[in-house]
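Below you'll find only one chain, the form predicted alone, shown as C-alpha cells.
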C-alpha cells in the first residue's frame, strides 16, 4: 500500500475503531464523534500533505521492500543528508499543527526506526521487530504507545499491588500467543490510532514474581479485550473562540487489557527484566529526541509570534521588560535550533553505515524544554496579563445589541476589535484554558520524570572527560612547592 492519504486513514479508523469510553459513553465512530473528529481530521490533513508535489522530495521515498512510496519518518539514514530529510519532514508536520500535536505519528515512526536498526537487541524476537517495522511502514499506520503503570501504589512493586494484575502482566501462554491482563497509561491519541506499542518503562529491583510484567508487544487498537478510558476532553466547538482546542486536542487515556491475546509474532520482549531495564541501548531517544526538539522549536516559535503580535496590537512592545521576556523566548528557540543542527552535524555512522543523530545535544533540549515551556506559558500570562481574561465569551457578541461596545472597547491601537479578539483568543487557549494547562503538563512529563531524566542523561550517562581533563590539566601545572606564577 505505501504512504496513505487522509481518506485512507479515516476509512481504516472508521472500520476498525478502538473501544473508547468518554465517561459513560462508548464511542462507536471516532471519525464523526464531535470530540474526536477534529483531531482525526487534523491527522488526515498531515497524511494528505505528504503527497503535495512540492513536498514529496522530503516526505516520501521508495520502500526498499515493495518499491512503493512510503513516509520519510521511516527513512533509515545512511548519510547526514538523510537526517536533513527527516528534519524537514518533522518540521513540516510540526508547522501544520503549530507544534500542538505531540504524538503525531512521526514520533512513533522515529522510535520504531531505532528499534528496527537495533533489532538484534531483542534476541529471539528480533525478526518480530523487523517484520513489525516493515508492516507499519508499508501500511503507514498511526501508532500510540503506553509505558507507565497506573498510579495505584507507587511504593510497591507490580506483584504487591492490591490485585496482581493491576499492572499489565502475563496471565498464561497459549499456542497462539500470550494472554495479558492489567492496565497501562497514558495512550495519547489512542482513540484515533491504528495500533499500540506496549512496554514497561523500567522495573526497578524486580523479584521473580515481577518477571511477568517484563514484556513488550504491539497490537491493533481494536483488539478484543482492549478498551481505553479517556480523560475529560478539552475539544471545543467554536474555532474562533477556541482556535487550538477546537482542532488539536490529543485525547489521552488509560488502556485496560482484559485477558487480551497477543500473537507470538507480535511479542518483542517476554518476561525479560534485563532487556526491559536496558532498552535505552536501542538509542531510540536519538530519533525521538530529534523529532520532539523540532516540534518544540516550532511550538515556541508559534508562541513567540503570539506574544509579538499581541504586544504590537496594544503598544506594550515598547517596554523594556516586555522586550526582555520576548527575547527570553527567542533565546530558547535558537538554542533548540542549534542543538538540532549539532545533532546532525556531529552524527557518526554505526558499523552498518547508519547515521543516528547525536543524542547528547538532544538530551540537553529534552531536559531543558520541560522547564522552558512552563516558563514561556508564564511569560504569555505576564505580558498579555488581563487581556487574556476580558475577551468576550463568544464570537456571537458581534451579532448582539452590544456589538458597538465591543467595537469601541475591545479594539487595539491600530487594529479592529475583530482582529484583536481573534488573536487574544489564541493566546488564551494557550495561557489560561484547560487545553493550555494540559499542554504544560505534557511538556513537563511526556519524556518521563524530569529529575530522573536529568540524573540519568546529564550526570550518570554524561561524558565527564572533557570537564575533568581541564581540571586535571590545571592541577598538573603546579605543585605544592610553587609560590610564583613564573
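Source: prediction; values computed, not measured. Residue numbers count along the first chain shown, from 1.
One more form of this protein should be noted, the form predicted together with a small molecule, which is absent from this view; the next part is about it.
Taking the partner from the other structure, the small molecule in the predicted complex has a heavy atom within 4.5 Å of a heavy atom of residue 452.
Taking the partner from the other structure, the small molecule in the predicted complex has no heavy atom within 4.5 Å of any heavy atom of residue 174.
The closest non-hydrogen atom of residue 51 lies beyond 4.5 Å of the small molecule in the predicted complex. Using a 4.5 angstroms threshold between heavy atoms, residue 151 counts as touching the small molecule in the predicted complex. Figure note: of the listed segments 196-204, 366-374, 353-361, 397-405, the one touching the small molecule in the predicted complex, with heavy atoms no more than 4.5 Å away, is 196-204. Proximity to the small molecule in the predicted complex, taken as a non-hydrogen atom within 4.5 angstroms, holds for one residue of 438, 56, 45, 422, which is 438.
Taking a 4.5 Å heavy atom cutoff to the small molecule in the predicted complex, the contact residue among 326, 229, 186, 179 is 186.
Each of 103, 146 and 446 is positioned with at least one heavy atom within 4.5 Å of the small molecule in the predicted complex.
Cα of residue 131 to Cα of residue 203: at least 3 Å longer in the predicted complex than in the shown structure.
The pair residue 203 and residue 123 separates in the predicted complex: their C-alpha atoms are at least 3 Å more distant from each other than in the form depicted.
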